[in-house]
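Next up is one chain by itself, shown in structure tokens, the form predicted on its own.
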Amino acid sequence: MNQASTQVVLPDLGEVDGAVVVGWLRCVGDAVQEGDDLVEVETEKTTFVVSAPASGRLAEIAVGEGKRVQVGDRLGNITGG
């Protein structure tokens, strides 16, 4: 049986189009609830946290610390629910 999968993506940041991943606040395999803090990212102006878009388990970290990402890029994946 396949589990539902939800991508964690960099949301629209307004005036900037990208950010750098500062660090993950959860590890692969950790249970997460929708809205939990997952990953900290930094733009030229501020640092903020991307929240879990769904409940389940963090199945994948696709972008590591120090990597630059653009709005809409996949940061990771959550499975289950």
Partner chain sequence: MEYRQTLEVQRSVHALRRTGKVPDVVLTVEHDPVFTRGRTARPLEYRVPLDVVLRAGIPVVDVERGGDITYHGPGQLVAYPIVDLRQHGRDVKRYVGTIEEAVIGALAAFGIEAARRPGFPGVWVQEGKIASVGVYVKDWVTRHGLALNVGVDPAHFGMIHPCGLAVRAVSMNELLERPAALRDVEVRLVESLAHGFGWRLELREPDELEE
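Positions refer to the first chain, counted from 1. Since the model is a prediction, treat every value here as computed from it, not as a measurement.
Not on display, but discussed next: the form predicted together with the partner chain.
- Contact check at 4.5 Å (heavy atoms) against the partner chain in the model of the complex: all three of L13, V16 and V22 pass.
- Although the partner is absent from this view, E42 contacts the partner chain in the model of the complex, with a non-hydrogen atom inside 4.5 angstroms.
- A residue is said to contact a partner when one of its heavy atoms sits within 4.5 Å of a partner heavy atom; T47 meets this definition for the partner chain in the model of the complex.
- Contact annotation for D30: none of its heavy atoms lies within 4.5 Å of the partner chain in the model of the complex.
- Of the heavy atoms in E34, none are within 4.5 Å of the partner chain in the model of the complex.
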